[in-house]
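Next up: the same protein chain in two forms, each one alone, written as structure tokens (structure 1, then structure 2).
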Structure 1
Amino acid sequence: MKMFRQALIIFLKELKCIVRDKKTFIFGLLLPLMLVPSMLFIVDFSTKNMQGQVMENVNVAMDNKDNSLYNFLNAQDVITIIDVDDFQKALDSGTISAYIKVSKDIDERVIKKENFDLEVKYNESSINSVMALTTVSQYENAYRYLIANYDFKTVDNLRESIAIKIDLSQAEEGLPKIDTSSLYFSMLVPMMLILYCCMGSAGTAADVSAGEKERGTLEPLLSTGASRSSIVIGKLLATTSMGVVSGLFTVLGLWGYLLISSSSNMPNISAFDMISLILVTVFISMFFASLNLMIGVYSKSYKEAQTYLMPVSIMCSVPTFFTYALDVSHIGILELCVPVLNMICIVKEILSGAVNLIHLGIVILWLLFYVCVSLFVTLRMFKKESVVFRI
């Protein structure tokens, strides 16, 4: 009872100190709030923008315009055929996105149903050009489809009848679509969330433990009536609050983004998913707070704590990159028991809208277990003079 009262006194004092450090505090909250939305906006905008440019207008040049392929491409709204003197220069400067080389006798060969040479040159270092290549290839396929399925008697007949407009989006239906923005979504959001759950408490953890050693306030504190356990618990509560708040702000940023974003590419997140996400965020933040505090207590200075804390943040959020291909519909017990991986799995599962309550329960139990272990280790360390008075 007395221990908890003392822990509460310490907790409230730490909170006061955190909030009074206004710049750090506000920055610490604004960053997670802004970062996820701004990254998603950028990703969404740039993918849309690139697709838009290519779909609306692709400038190409051809080495040879007296043929049915020219007539066919010329009939498409998306494709503009322009004359260039030096195609390489034009590709490099972006005047054209692709250059098409085709056999001179293509039409004769088409009528005889013989093979012909067709080569599309593009600029590998330009995103626009690479995207244009896709569009051009799609029209090339459409052209090949037409000449393979219809019989053309004469060259004139071929050149005349092939000049028809094709709606690629209809032709494409049925093919699997690569949705880049949802790919980014399922990779970026878990990473940002886990990163912020971790980083949100790192500063506070270092400040209340190693920082206190460094500023010489630890010894007076140890000489008061407060027990070492109550000191650790009070500090853990403060660290956890900071972590949870910053984790929740990350979720808030995500939620705000989903509300105002008009993008249809973004997954639909139900209220239930949102609640699960908040729940899991709270526990992930608790886990990182206890881990960070453990590191802070071990360190003898703020700087030393920072050197250990930085790699931890990175190590815990980088695996999200390697799990982007993770199939959320096949998450097994094993994945749910590996630290860090289980957090990524559950966050992805929630974001995909297929949250499994048993999985959620397992992960939360594990997280609580990790919290208990790190609290235990922290308490042990804080009672050891070789840690508290390490020189």
Structure 2
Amino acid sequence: MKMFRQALIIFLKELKCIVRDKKTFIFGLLLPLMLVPSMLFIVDFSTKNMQGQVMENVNVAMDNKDNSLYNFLNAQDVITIIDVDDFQKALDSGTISAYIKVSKDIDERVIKKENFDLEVKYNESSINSVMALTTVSQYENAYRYLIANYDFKTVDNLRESIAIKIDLSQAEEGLPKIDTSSLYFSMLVPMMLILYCCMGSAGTAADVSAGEKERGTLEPLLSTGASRSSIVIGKLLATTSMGVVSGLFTVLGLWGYLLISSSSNMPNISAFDMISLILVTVFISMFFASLNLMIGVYSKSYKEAQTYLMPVSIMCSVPTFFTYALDVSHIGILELCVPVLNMICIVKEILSGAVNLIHLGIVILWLLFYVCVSLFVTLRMFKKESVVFRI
């Protein structure tokens, strides 16, 4: 009981120091709240601007113009068919965005309701070409729909009747729309939450451990009579608190941006899901806080601690790139037992409203195990004079 009272005193002391440090406040709290929405706005604006430019005019080339597909595409305002000598050079230079190769007897096959060959080539290294491919594919689908639902008696009748202008926006009114805000939210929140839980605690961990060595305030703290275990636990709680606040501010920033910028419905997160998200954020922050504090205690100086902590922040974000396409229904025990990956998986479950209590319990138990191991190593090092006062 005495140890926990001492740990609470240490925690409050470190918390006061953190609040007095304006740089920590700005970078730990306001930065994730403002940087994430700003970054998303720039990405969203540039993407929409590029899509708008591509959608206004798509240059394509065809190997054969004597067919109904040419007449159909030529009737569209968005499509411009141009002649090229070498389609590969034209694709590489950006002169055309796509090259369409069709069967020479396409019209005869259409009239007979037979299948025909149609191949669209594009430049995989060009963003404009990739975006234009979507437009070309939409008009291809519209063409296939027309020839499948109407009977054409002759080739001339086919070519004349098919040369009509199509409004893709009206043609796709009945199709289901993708909720882009929910998609952004489910992909970005896990990555940003993990990253800022780590980064938010990294600076504090370095300051309350290696930084205190440099300032010469560690010796007076050790002479107060507080046990070294209570000192480490108090510093861990202070470091965890910064990670929790930084992680939650990141989620708040993302949520605010999506709520303002999108007319789509936001992910429906219940009160239970929100409590689960906060609970998981606390344990994730404690995990990174214990890991960062262990590194800080070992370091001789604040600068050395920052050098060691930088790779941790980078490595914690790597697993997020492997879970973008992960379906929450396919999350298994293996994913829940891998460090960092299990954190991302449980956050995705919570945001999708499909949180599994067994999965939640497994992840929390693993996080507690990680914290206990890191805390054990930190206490062992903190009790050694050769580590605490190493120069």
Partner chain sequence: MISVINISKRFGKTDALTDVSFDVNNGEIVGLLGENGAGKSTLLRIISTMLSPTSGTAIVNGYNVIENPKDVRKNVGILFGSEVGLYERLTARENIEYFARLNGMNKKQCDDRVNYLIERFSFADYADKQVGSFSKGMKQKIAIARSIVHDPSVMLFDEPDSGLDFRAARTVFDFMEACKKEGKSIIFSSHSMESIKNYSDRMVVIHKGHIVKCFDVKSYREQYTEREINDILFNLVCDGDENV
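So that the term is clear: the rigid core is the largest set of C-alpha atoms that superpose within 1.5 Å between two forms. Residue 1 is the first residue of structure 1, and the numbers go on in sequence order from there. These numbers were taken from a predicted model, which means no experiment stands behind them.
Shown as structure 1 is the form predicted in complex with its partner chain, with the alternative form given as structure 2. After superposing the rigid core, the C-alpha of L309 moves by less than 2 Å between structures 1 and 2. After superposition on the rigid core, the Cα of M34 moves by 2 Å or more between structures 1 and 2.
If you fit the rigid core between structures 1 and 2, you'll see the Cα of L69 move by 2 angstroms or more. A C-alpha shift of 6.2 Å is found for K153 between structures 1 and 2, based on superposition of the rigid core. Overlaying the rigid core between structures 1 and 2 leaves the Cα of L252 displaced by 2.6 angstrom.
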